[in-house]
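First comes one chain, alone, set out as structure tokens in the form predicted on its own.
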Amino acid sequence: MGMAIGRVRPSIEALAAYRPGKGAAQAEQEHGITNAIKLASNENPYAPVPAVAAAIADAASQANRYGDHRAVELRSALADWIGVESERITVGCGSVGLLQQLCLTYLDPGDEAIYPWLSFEAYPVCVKMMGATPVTTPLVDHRFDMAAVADAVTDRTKLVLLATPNNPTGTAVSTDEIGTLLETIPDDIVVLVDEAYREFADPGLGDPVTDLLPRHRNLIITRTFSKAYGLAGLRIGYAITDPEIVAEIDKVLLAFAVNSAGQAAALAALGALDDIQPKIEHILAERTKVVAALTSAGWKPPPAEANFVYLPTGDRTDEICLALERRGVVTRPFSGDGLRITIGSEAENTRFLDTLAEVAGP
């Protein structure tokens, strides 16, 4: 490469871009195959229910107009649904958009943000983008070591980022464990509990909104319509936190980033929960089936609390991923560690299990 155009910030120049899961069409092109299936991005296999699809179509007919920048109606509906004051809710461009807002609001160069690793790949991107320093703690049995997170805190720590259930390992921590951390660390450190996969997790793990938020003003919980509610393409995430945090992170919401079709779809989804819940239940039933099949074949997946399973494949990860892909099953590799496989439709899950049995054993 020649000289950079302009004077790029060093933190951006050194940054690796976020890498989305490979699409089925790309795999077909690369391997000269047809009929590939994508199980790489933790998408919901089901199209939006009719009421939601109708709301999207209606919003699309008015796409020449800006949506409501603050998504006031959606904030209010979410507050009613969750049982909090609307001042505690903000809406962003997916929960990852809220993560970026959080980093823009709190991190200066030299500040530290702690997160266990492996975890959501947007964490290092957003932290390093600010010139801040990521501080990572290792997983134990694919799970967060919360004592190690507490021990990693220094006087430069501004944020702690906890994805639970964790992407990509699928394990989760309870609100009791998060509560212990919050009691242990200084209360001027903001703790993100990133619950993108909440609807697929064991309810026994607790609800941070009711269990923790009343006692800890420095807690922010993010959730999304992308996964359980099947609106990944419309980018609607939301946060529940203290009104003061809402006021600060709202300042850095990109103008009209929360699009009008997404807002309409999310509102319609809240009105159609009885139609959506059976689809969530079906994904959970399929997950149980896939985990049982993998376990009986001798694999040792960690406890699955999200809409995907994680296979610890170690040094064979890239090789197994490629063998699956050549046969049209696209998964998400984490080189040297494991494979993440989204729970798809019944036919897709069966095809994954059959193809895995063809190409690799534990």
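Please read all numbers here as calculations on a predicted model, not as lab measurements. The first residue of the sequence shown is number 1, and the count goes up from there.
If you look for the form predicted together with a small molecule, you will not find it shown, but the lines that follow are about it.
Practice task
Would you mind picking the one in T224, Q101, Q263, T90 that has a heavy atom within 4.5 Å of the small molecule in the predicted bound form?
Solution key: So the residue touching the small molecule in the predicted bound form, by this definition, is T224.
Problem - Proximity to the small molecule in the predicted bound form, single hit among I240, A71, V190, V96 (heavy atom within 4.5 Å) - result: Here the answer is residue option V96.
Practice task
Give a yes or no for F120: in the predicted bound form, does one of its heavy atoms lie within 4.5 Å of a heavy atom belonging to the small molecule?
Solution key: So F120 counts as contacting the small molecule.
Practice task
Mark R235 yes when one of its heavy atoms lies within 4.5 Å of a heavy atom of the small molecule in the predicted bound form, and no otherwise.
Solution key: Flag for R235 set to yes.
Problem - Contact flag, Y229 vs the small molecule in the predicted bound form, heavy atom cut 4.5 Å - result: Output for Y229 is no: heavy atoms all beyond 4.5 Å of the small molecule.
Exercise for the section: Give a yes or no for L161: in the predicted bound form, does one of its heavy atoms lie within 4.5 Å of a heavy atom belonging to the small molecule? Expected result: So L161 does not count as contacting the small molecule.
Problem - Listed range touching the small molecule, judged in the predicted bound form by heavy atoms within 4.5 Å, from 210 to 218, 151 to 159, 191 to 199, 78 to 86 - result: Checking each option against the 4.5 Å cut-off leaves 191 to 199.
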